[in-house]
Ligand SMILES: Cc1cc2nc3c(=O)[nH]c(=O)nc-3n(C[C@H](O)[C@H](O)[C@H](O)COP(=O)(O)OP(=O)(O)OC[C@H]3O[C@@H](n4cnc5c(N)ncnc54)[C@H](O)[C@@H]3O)c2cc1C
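Just the one chain here, the form predicted on its own, laid out as structure tokens.
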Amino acid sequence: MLQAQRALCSQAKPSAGGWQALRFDGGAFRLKSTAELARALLVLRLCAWPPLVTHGLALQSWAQRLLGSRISGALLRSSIYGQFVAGESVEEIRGCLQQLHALGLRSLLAVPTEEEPDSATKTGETWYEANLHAMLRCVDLSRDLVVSPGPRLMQLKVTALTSPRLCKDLTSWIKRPGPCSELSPERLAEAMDSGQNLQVSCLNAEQNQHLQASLTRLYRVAQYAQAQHVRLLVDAEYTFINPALCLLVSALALRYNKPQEGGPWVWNTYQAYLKDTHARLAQDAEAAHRAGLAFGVKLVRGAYLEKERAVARLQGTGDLTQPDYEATSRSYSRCLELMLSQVASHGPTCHLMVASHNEESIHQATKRMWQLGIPVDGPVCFGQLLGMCDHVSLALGQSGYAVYKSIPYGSLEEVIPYLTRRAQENRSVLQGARREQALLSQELWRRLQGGDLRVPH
């Protein structure tokens, strides 16, 4: 495998004389075992089948009744779970991370928490306190198990620590015309620091108590993550709670994104499929620099398109999303150009993750990095999901770029609902993975013809 790595590195790295487009032709698949390639091809084809994505949890329940928990669990572990999840035990997670490191890839651990915004099944402080401890454990795992160079990153989902219903109420208040000093980032940051009860007039006593508890949980995670040198990438969620999430992230940023303390420690996620993203991104970048704060951004196309449009139809409100994939791609390109220019201008105080499976977006990013003089191992990194888009991830990693794989971990019971939701949110990505399937088929056929059926390394 080491010889193959060296050969691929020499082929992939841009020449000193000028930029050359990376080759996403599946050549980097030669670093993977035949068993891994065969599983990836099978799972990606299954995930592109709409009934499986739509009825995943029902099919799992049916399989358990028909086959029993042991057999159905073994089938899931050898297929979908094995493809997209690091494992459950510390040893399994460590093995996955070490294997990625050997392939030139980095790790972005994610706690698989699931809750619908209007769900009443997971409520109460006990649920959120348990999630707090899971997040703190994720910080420890990111510190102890990640062996790759560069910054240690982990994902943080705010609604794992605070009620989506509270975020919905806060968003309604935030959207009212005129300034609201009660809900300023500065006031929330002060409440985080002091631990004193925050009173917001638009909330009742129970909601105010929950808000203070939520601020304390967020503060504890951010404080501990900074102490352990782990950066937090906050997930974006639905538009009807995102303003509240952005408010909470802004409060954390005031405390943890100071350049003199090595910030940004807290990054926010921006979804290019929303019409106002470019304007908000430009505004937030300017506000951060004006306040003397470092600025961290994870740029995605977005995963909640179908739900957002359904909510807009149900409520009779205007559709906040781009009209089609092409418009979303144009938005992503504009946001990417904006952020790369910010990185080039502000250096180490501005960080960007290009979180995309789209080859054209990756080409744009790498070309503009070269044109702007941004080093491949500098403040710009790339991100893809574990088990997907490996032909892009491997090509980037073998060329020296910092590329992270988003990695959920946990038991089957914890992770399968999470994976089902991610599959439903990423239908277009899964159904658009035909090129990756074709490249996998080509590499498997090449090995069959040449008799090169390698065992797992």
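All residue numbers are counted from 1 along the displayed sequence. Values in this document were obtained by computation on a predicted structure and should not be read as measured data.
Below, we turn to the form predicted in complex with the ligand, even though it does not appear here.
Residues with any non-hydrogen atom within 4.5 angstroms of the ligand in the predicted bound form fall in just one of 282 to 290, 196 to 204, 319 to 327, 90 to 98: 319 to 327. At a distance threshold of 4.5 angstroms between non-hydrogen atoms, Y273 is in contact with the ligand in the predicted bound form. Shown alone here, T171 lies farther than 4.5 Å from the ligand in the predicted bound form, counting heavy atoms only.
The ligand in the predicted bound form comes within 4.5 Å of no heavy atom belonging to P264. In the predicted bound form, the ligand sits within 4.5 Å of a heavy atom of R309. Of the residues C246, L305, M369, L136, just one reaches the ligand in the predicted bound form with a heavy atom at 4.5 Å or closer; this is L305. Checked against the ligand in the predicted bound form, the residues L183, A355, A189, V111 give one hit for a heavy atom within 4.5 Å, which is A355. Contacts of stretch 381 to 400 with the ligand in the predicted bound form, defined by any heavy atom lying within 4.5 Å, are made by G383, Q384, L385, listed in sequence order.
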